[in-house]
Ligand code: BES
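Given next, in structure tokens, is a single chain: the form predicted on its own.
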């Protein structure tokens, strides 16, 4: 979809769908109405607001109303999108609304739309609307046939600047940044949505190599013998039950000159391309979506795609441990004791608690580089969804400064993230009578004990763990979300890089 800025008058817009985001006060209070809403309603001889009132459209967040213009405008239809209460407005509401607009346009076979930017700070409005349109336009149809296989018909979208405002280099830069972010999220979504038959550890590594080659990033892919040399006993044990070979993917951005010596940012992603649970086999209803268990690794790759364009003045290292967790005849067993890359031993109490094993080995390797900050993303525990629901990512951190840096980035990016406690009172639950640790604690506080397990492998490195098990997949269509991969974490990581780069440039 081609996305551009426009200063055309509303009466001159020749498009299939004209989109007007509106706050709830604009429906009932004439004095609160935006100039765009007043203008379009007047051009339609008052029919827009009259019809909206008859249909009881109240502009609540996520509400919508469509009216055919019947030749009174060059735009064939007008779409009102509810933004809710302006006093409590969050840009994510506009992002979701714009995503919904893209989906409505696609379902109605619209090939062109125009969206009037809301009366907000223009950079905030532009960023949210542009990202929302591109995220909402994404659809995974690789395995559809016939008419269902056709890509969304939406070819172009214009973002209308308020009257009197001109297109500037600054606004173009905001638009290009939004396009970069959305395209990177959709890149990650595509990886996660692809079935495990076509997204094995080897194929994931190949996709990472393609991305690195296209963007100029360095990449190294380690095979099983090289992983063995690193002593990654936990990672290798998880992979034993599968015929698919494990891969350790390392993608690097290195700036030129003295900046190459700056303290690095390290990103680690869980890359379990299919998780059957191993011998602790999952039930079918829980297993059907386990192609998404590599969403953390996909998010890291999506973020690195953007890092190559941002070119921060510090190195960025991305690590993904990719394998399958299967119940084959060579699968690791309950009661086995594994030796990690860090030298610590771990007794297995649940083979379905495999993500922390892979992450533990990869985190300890990444920590050896002594990065300024180490962030991991993983679909780690069902417990985090129980605690926070399906719209909030759980954050665990080794210190307040690291936690706040990621929370600030998540807030600016529009990804709802909630800090969880690393409660040391639960640390005893992962003690083992025969090894240094066991890989599973009691039922209660499951996301906390999983995070405490990971903490054992980062030593003193400033570290943040993002548990995206609840947010990595959407169960229904909503806003810019489809059923399937959400791309959770990509926007947060990109914003984290941007904010760290801005601070170093001050």
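Residue numbers count along the first chain shown, from 1. If you're wondering where the values come from, they're calculated on a predicted model, not measured in any experiment.
Separately, the form predicted together with this ligand exists; it is not shown, and the next lines address it.
Heavy atoms of every residue among 282, 352 and 381 are located within 4.5 Å of this ligand in the predicted complex. Between 417-425, 196-204, 165-173, 373-381, the stretch whose residues reach within 4.5 angstroms of this ligand in the predicted complex through a non-hydrogen atom is 373-381. Among residues of the shown chain, residue 474 is not one whose heavy atoms approach this ligand to within 4.5 Å in the predicted complex. In the predicted complex, residue 469 approaches this ligand with a heavy atom inside 4.5 Å. By the criterion of a heavy atom within 4.5 Å, residue 440 is counted among the residues contacting this ligand in the predicted complex. Remark: residue 100 does not count among the residues lining this ligand in the predicted complex, judged by a heavy atom distance of 4.5 Å or less. Among the residues 110, 290, 161, 397, the one placing a heavy atom within 4.5 Å of this ligand in the predicted complex is 290. Screening 189, 356, 95, 247 for any heavy atom within 4.5 Å of this ligand in the predicted complex leaves a single hit, 356.
Heavy atoms closer than or equal to 4.5 Å to this ligand in the predicted complex belong, across 243-275, to the residues 270, 275, ordered by sequence position.
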